[in-house]
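As a starting point, one isolated chain is supplied in structure tokens, in the form predicted alone.
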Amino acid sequence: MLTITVSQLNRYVKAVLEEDPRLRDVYIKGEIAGLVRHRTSGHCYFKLADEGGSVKVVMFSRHAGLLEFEPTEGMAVLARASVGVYERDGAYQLYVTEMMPDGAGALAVALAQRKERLTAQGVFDPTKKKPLPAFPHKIGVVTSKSGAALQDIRTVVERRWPLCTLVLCSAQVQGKDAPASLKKALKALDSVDCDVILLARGGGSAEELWSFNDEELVLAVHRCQTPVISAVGHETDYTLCDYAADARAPTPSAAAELAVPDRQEQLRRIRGLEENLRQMANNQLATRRQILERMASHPALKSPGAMVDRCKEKVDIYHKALYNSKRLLIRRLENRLTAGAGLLDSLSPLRVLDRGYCLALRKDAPVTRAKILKVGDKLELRFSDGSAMAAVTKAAGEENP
């Protein structure tokens, strides 16, 4: 009977499993359970489980960082791994190097997850889109200098709006280095006062267009100060850069048409405006001519001497009427004054004195009752021709001595 230590047993089992060629490279299906992603190291630890059991899994950061999707709890995956043993615990586990969602493409899952995450950050918010310039002078182009997209853009711009200048910043549009190259080109054009930037490439498969779904590139498009038109692939192809850009065109040619106006259309518009201005000017001239003709036919301009004579006649008539009105008013006022003076004279107390009466005053106040006088009161008697002084020798009600 063999006697060995625990460490020896674990080491032996590890050797048996890891030396088995059938277990060095296996594909295994299962659902992710107990997912833990180490914050500092980036290693992933989880279990792959099915209805009958589970197995521990380790995916080191050098492999986890290459995943095109974000593993989540309960996700069904297909993993490529080797079988090994963790000697310390005597537990066997899988060392995963590649993994993809089971039943759906990894790129599709990664795209959906990334789009959801960027949407939550407001990267695709339509209210944040910048307006495109109506008449650009300088257009930046980010694309491959050897691709057909550049020639398509040049052809359209030269035909529609040759007044503007194209500034090319060449970039890789495919491959692992493409996102960084595109991002660098985009930032370079954003700093040289372009009116609009075209981010373009021709058609291709989803894998070939995948660089335009890179999260850092999408954020660079969103943060660009210059309006960006994205034209990646053909009409049915959509990338995350299309959603982040200020406008999306189905093809590079369509992007160029969207970026610049059509000179023929602008010429027609200018000619229409010219015709409208000409018509308005003619209408104004006709109106002013009619006014001038009416003014020229006015008597004041046609025969100014006769007009002045008629005005003088009117002034004379008005002057005479005013003079007569004034005399009539003065006569009426004189008559009223005479009548008032006669009435005042007829009511004057002096007219009573002329008939033999006199006015008795005591201390300059008229004496209207005899009973108010006392013996010795001094009185002034006023007559029509003068006055005299008198004294009261007998008061009213006294008997003669």
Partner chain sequence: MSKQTKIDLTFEQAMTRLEAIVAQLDGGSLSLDDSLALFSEGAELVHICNRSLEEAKLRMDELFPEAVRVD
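Not measured: the values here are computed from a predicted model. Residue numbers count along the first chain shown, from 1.
This protein has a second form, the form predicted in complex with its partner chain, left out of what is shown; the following refers to that one.
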Exercise. Could you confirm whether Tyr86 comes within 4.5 Å of its partner chain in the predicted complex, counting heavy atoms only?
Key: no
Quiz item: Would Leu189 sit within 4.5 Å of its partner chain in the predicted complex, counting heavy atoms only?
Solution: yes
Exercise. Evaluate Arg154 for contact with its partner chain in the predicted complex, applying a 4.5 angstroms cut-off between non-hydrogen atoms, and reply yes or no.
Key: yes
Self-check item: Non-hydrogen atom contact Gln174 with its partner chain in the predicted complex at 4.5 angstroms
Solution: no
Practice problem: Please pick, from Leu328, Leu273, Ala120, Ala296, the one residue with any non-hydrogen atom lying within 4.5 angstroms of its partner chain in the predicted complex. | Solution: Leu273
Quiz prompt | Selected contact from Arg80, Lys128, Lys302, Arg269, since only one has a non-hydrogen atom within 4.5 angstroms of its partner chain in the predicted complex | solution = Arg269
Exercise. Given its partner chain in the predicted complex, answer whether the residues Thr165, Arg263 and Leu285 all have a heavy atom inside 4.5 Å of it.
Key: yes
Self-check item: Per-stretch contact check against its partner chain in the predicted complex, the hit in 242-250, 109-117, 190-198, 319-327 (non-hydrogen atom, 4.5 angstroms)
Solution: 190-198
